[in-house]
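A lone chain, given as structure tokens: the form predicted on its own.
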Amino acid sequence: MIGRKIVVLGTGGTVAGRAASATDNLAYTAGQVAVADLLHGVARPAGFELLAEQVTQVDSKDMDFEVWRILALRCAHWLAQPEVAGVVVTHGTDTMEETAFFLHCVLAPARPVVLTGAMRPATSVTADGPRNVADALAVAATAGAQGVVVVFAGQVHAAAEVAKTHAHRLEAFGSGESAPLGLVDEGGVRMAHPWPAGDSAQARSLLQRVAAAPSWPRVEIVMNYAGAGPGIVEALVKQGVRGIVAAGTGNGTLHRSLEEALVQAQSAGVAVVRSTRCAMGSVVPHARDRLPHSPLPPVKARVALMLELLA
């Protein structure tokens, strides 16, 4: 039998934002409402006790590695309690896909960790946060649920696939070429695909390194575009960057000047991987490649490379 408690960890974001007017969905300040207050009046699964913990209050555009470290450790702490069925994380939408993928890599949990948020602040007359939080609680309470997922606008997305796809619509997240894992309708969870799984042994090892690391390896993203030159790469190498993700055009293609600079950076000991800036598809390698590739989009490739360097 699953545990009967759900822990809700608050990190701020629009879901906890306040604006001066109930009709203002843009000029608000994120991370103002305590996570315990966000739960007031929200529909919750019958028979479950909710525990709220404020991890931080931050606009997710300002998310940083120390918050990730603390958040991962708090998730691990609560998931180790047998009475806890799952964890819900309230989070800003701007970097939610990065945090979700990071937690997927370092937790690979056998119980659900569910990220959710909102596109409109808590003070909005049309706030979407309460519905998203209620849906996230329903997913966390679902028997057999596991892994890190994002629940938003009635859809359940795997952390490895999810991305923010729209700047302001309520249906702001998608799974790219993959379909959502499932749907949430009025508290009922209907899964069309298996829950995400991960390598738990590798995740434990990574989490130990994350917990013990005095600092995180610096990994930056550079983008290919018409006329892209070597200057940014050369500057990053001089600054001592540990890794670079190249967000290439098309199938990870790079302007010849940028590619040459990246090859030289690799020769100097900088870890370099190619991704694609395209919203759909991933890099397919071929024999003439001079640089290794990642199947992940740039922001997730950066997380993976940081963890690789940390290891």
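In case it trips you up, residue 1 is the first one in the sequence shown, and so on. Here the structure is a predicted model, which means the values were calculated and not measured.
One more form of this protein exists, namely the form predicted together with a small molecule; it is left out here, but the text below deals with it.
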item	value
Candidate stretches 70 to 78, 92 to 100, 216 to 224, 140 to 148, one within 4.5 Å of the small molecule in the predicted complex by heavy atom	92 to 100
In the predicted complex, the residue from 114, 162, 119, 105 that sits within 4.5 Å of the small molecule by heavy atoms	119
Contact check for 13, 30 and 60 against the small molecule in the predicted complex, heavy atom at 4.5 Å	yes
